[in-house]
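Read the single chain below, which is given as structure tokens and is the form predicted on its own.
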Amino acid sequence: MQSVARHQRGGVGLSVFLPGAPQILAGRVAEGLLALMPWLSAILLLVLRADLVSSQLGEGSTVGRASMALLAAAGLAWAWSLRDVSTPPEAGAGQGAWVRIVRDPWAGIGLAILLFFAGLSLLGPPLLLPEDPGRTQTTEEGFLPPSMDHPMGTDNAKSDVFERFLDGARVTLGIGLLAGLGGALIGVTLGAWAGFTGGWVDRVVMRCVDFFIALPKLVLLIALAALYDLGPVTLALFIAFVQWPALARIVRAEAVALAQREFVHALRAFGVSERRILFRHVLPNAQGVILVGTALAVANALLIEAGLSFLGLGLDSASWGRLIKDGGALFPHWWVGGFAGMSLVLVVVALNLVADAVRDVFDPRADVTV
């Protein structure tokens, strides 16, 4: 009964008006925030941009599609929260690994931060920027501090920093995600193949890993950026290319350990193919290491992209790194690069919080106390 009361804290009435609030009051921070944020965002959109939504909704424009996506997310959040509060949990019901990750308070904070910036980068430009994506809002005066008209102030070129921030979020987060996932895909594939197969395959792959680890990655990226006119996809692929070896080594060690387990020997004795054992049994048992490594790879890719842009070797378009560089050069006008710098730190910290929660859930030694 105590768990049921905790689950329903806040009641159905509160869930009708603030979906996710009962879950937050019950200590389920991540689930509550993931439901509450799209609901509040949709309300703010309808209050602040009602004329824009009413004119573009259903027209098939970018603004209309973004509005539909946000309203649909808010509707799903409302329905889920109401159903969740109305249905008490079964007594003695266990929690799976993913449920425990989502219900971890620190992971909840990290997931909420990541959801906020993901929504801001995907839905922010069409809903908050001028209708013409090529137009940058300018003012009569530069270096205006943050205000209601300019939430992040203006820079020396009299451009609205908030517009540059939203454009930079899409560039930096997009490149970081693509580079991190690309590097993780290469590292997991080669590491699992080498560790599970062994023999000459393992020796060749590991020597390649040693070679790439020995390369000065930042110097190589700076040289490539200086020689070639990099686009977003090309830059992401270059970053993925230099950061896959670390995860490959970690996954290889996990695959070697799993390949010696009794269940693998039993599957081989029953005639199960090596490919099926690897993809259906070994990799799922290594998912904790893979997920942690992938989250950290995305965080590292974000920092690499921002660092290259800060050095002036990244993309010519907007980037958080370029904003940070401009902010440092235009001190004491901190708002030019301050918001981008704080946002980059928040995203990297959020990824580390989620990675820590995943590690604690999937690592059986995490619950062992000495």
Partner chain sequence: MTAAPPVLEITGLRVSYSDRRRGAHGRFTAVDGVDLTLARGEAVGLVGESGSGKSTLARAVVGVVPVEAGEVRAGGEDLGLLRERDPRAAARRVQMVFQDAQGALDPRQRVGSALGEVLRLHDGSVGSEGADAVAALLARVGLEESHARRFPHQLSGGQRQRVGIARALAVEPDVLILDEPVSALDVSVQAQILTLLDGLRRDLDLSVLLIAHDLAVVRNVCHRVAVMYRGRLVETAPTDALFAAPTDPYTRALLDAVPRL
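Every value quoted in this text rests on a predicted model; they were computed, and no experiment measured them. Residue numbers count along the first chain shown, from 1.
Quick note: we don't show the form predicted in complex with the partner chain, though the next part is all about it.
Asker: Going by a heavy atom distance of 4.5 Å, is F263 a contact of the partner chain in the model of the complex?
Answerer: Judged by the heavy-atom cut-off of 4.5 Å, F263 is in contact with the partner chain in the model of the complex.
Asker: Is the gap between R275 and the partner chain in the model of the complex 4.5 Å or less for some heavy atom pair?
Answerer: Taking the distances in the model of the complex, the answer for R275 is no, it never comes within 4.5 Å of the partner chain.
Asker: May I ask you to state whether P105 is within 4.5 Å of the partner chain in the model of the complex, using heavy atom distances?
Answerer: Heavy-atom contact with the partner chain at 4.5 Å: absent for P105.
Asker: Is there any non-hydrogen atom of R280 lying within 4.5 Å of the partner chain in the model of the complex?
Answerer: Contact check for R280: yes, within 4.5 Å of the partner chain in the model of the complex.
Asker: Among the candidate residues A257, A72, V233, A269, which is the single one with a non-hydrogen atom no more than 4.5 Å from the partner chain in the model of the complex?
Answerer: If I apply the 4.5 Å criterion carefully, the residue I get is A269.
Asker: Just to confirm, with a 4.5 Å cut-off on non-hydrogen atoms, which of T189, S121, N285, T197 contacts the partner chain in the model of the complex?
Answerer: Exactly one residue meets the criterion: N285.
Asker: Any idea which of 113-121, 285-293, 168-176, 76-84 reaches within 4.5 Å of the partner chain in the model of the complex, heavy atoms considered?
Answerer: Only one stretch qualifies here: 285-293.
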